[in-house]
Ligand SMILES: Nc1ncnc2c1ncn2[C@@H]1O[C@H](COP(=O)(O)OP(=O)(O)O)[C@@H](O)[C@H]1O
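Okay, so here's just one chain, in C-alpha cells, the form predicted on its own.
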C-alpha cells in the first residue's frame, strides 16, 4: 500500500497544499510549530476519519474557515483508489472513488496506517481507556466487522446502563427488557473479546524478537486482561460465562446503575520479565516497548490485508540515541512506505536518507527538496 499524493484545503495551518510522496521514505524537516506534524495528522485523518491529537474537528480547520478537506490517492498493487474526507459546517463526509460512503465503518480500512509519536508513551502510563482505544483503532483497520460490532456494543451498553438506573430509581420489577439488552450485549462482547485476544496473540508472536533486536536486552510481552476468563474458551463458552456473570451480579449492577463486566473494562499491560513496565519500567523502556508494539503490527497487517501499512513516525529520531536509531532503520528501510518528521537531517542515518524524499516546511509552506542528492 502506497500513498502517492495528498491534497489539503484549510487543514490546520495549510490553506492549500499538494504533496507527491516517494514510495519509500519521506522526511519532512523544519523547526517546531511550522506544520510538520500536521502533514502526518492529515494522513492519519484520511485513513481513520479522526485525529490522534484532538477529538474536535473544529480544531482541524484553518483559522477563519468553516471547513476543511483532505484528498489522497492510494496505490494497492496495480490499482489506484481515490479517498477524500471533508468537514463542512460540522458535517463530515467521506468518499471512495467519488462515491459517498454513508457509514464510517465502511470507509475505514481503505488506507492502513501505523503511527508512532512521542505522546504514545502515555498509552502505557495512562488509563486503561487509552490502551483500549489503541486496540480498537488498530483492529478496526484490519476488520470492518469489528468496528461495526464495537459501535453496536456501545449503543447497547448505553441503553443497558440507562435501564439499570431506571430500574433502581423507579423500583421496576420487570426485568425482561434488561434480559433482552443483556443477550444482545453478550453477542457483541463475545465477538470483541475474540478479536482482541487474537490480535494480542499475534502481537506477542512478533514483539519479543523486535524488542530484543532494538534494545539487545530483556524479554517483552503483552498481557491482555479481562474481568471474565476467556483464555482458550470457545465463543459459546464465553457467552455462557458472561451471562452467568451478569445474572450473578444483577442486583449489584442495578445499585451501581452501570454494567460492571464486559470488554469496556478490558486492559492490557506491557511486561518485561513479567514486571509491568507501567510501574517498574523506565521512560526509555516504555518508549521502546511502544515502538516495538507498532512494528509488531506490520506483519499482522501484511498477513490479513496482503499489503503493508504506511508507517508514520513523528519526531522519532530525536527520541532515540544513535544506536537505537540505526537498529530501527533496519526495520523501516525496506519495502514499506514511511513518512517521518524531524527538525533536520542531522543524525539520520545516510542509508535511510539515500532512499528518502526530503521536504522542507516553513510556516505552512512546503519545499520539495527532492532526494538526498537534490534530484526531484
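Not measured: the values here are computed from a predicted model. Positions refer to the first chain, counted from 1.
Another form, the form predicted in complex with this ligand, is not on view; read the next lines as being about it.
Annotation: in the model of the complex, residues 32, 35 and 62 each come within 4.5 Å of this ligand through at least one heavy atom. The shortest heavy atom separation between residue 12 and this ligand in the model of the complex is within 4.5 Å.
Residue 324 falls outside the set of residues with a heavy atom inside 4.5 Å of this ligand in the model of the complex. Put simply, residue 50 is far from this ligand in the model of the complex: not one heavy atom of it is within 4.5 Å. Look at 66-74, 345-353, 51-59, 305-313: in the model of the complex, residues with non-hydrogen atoms within 4.5 angstroms of this ligand sit in 51-59.
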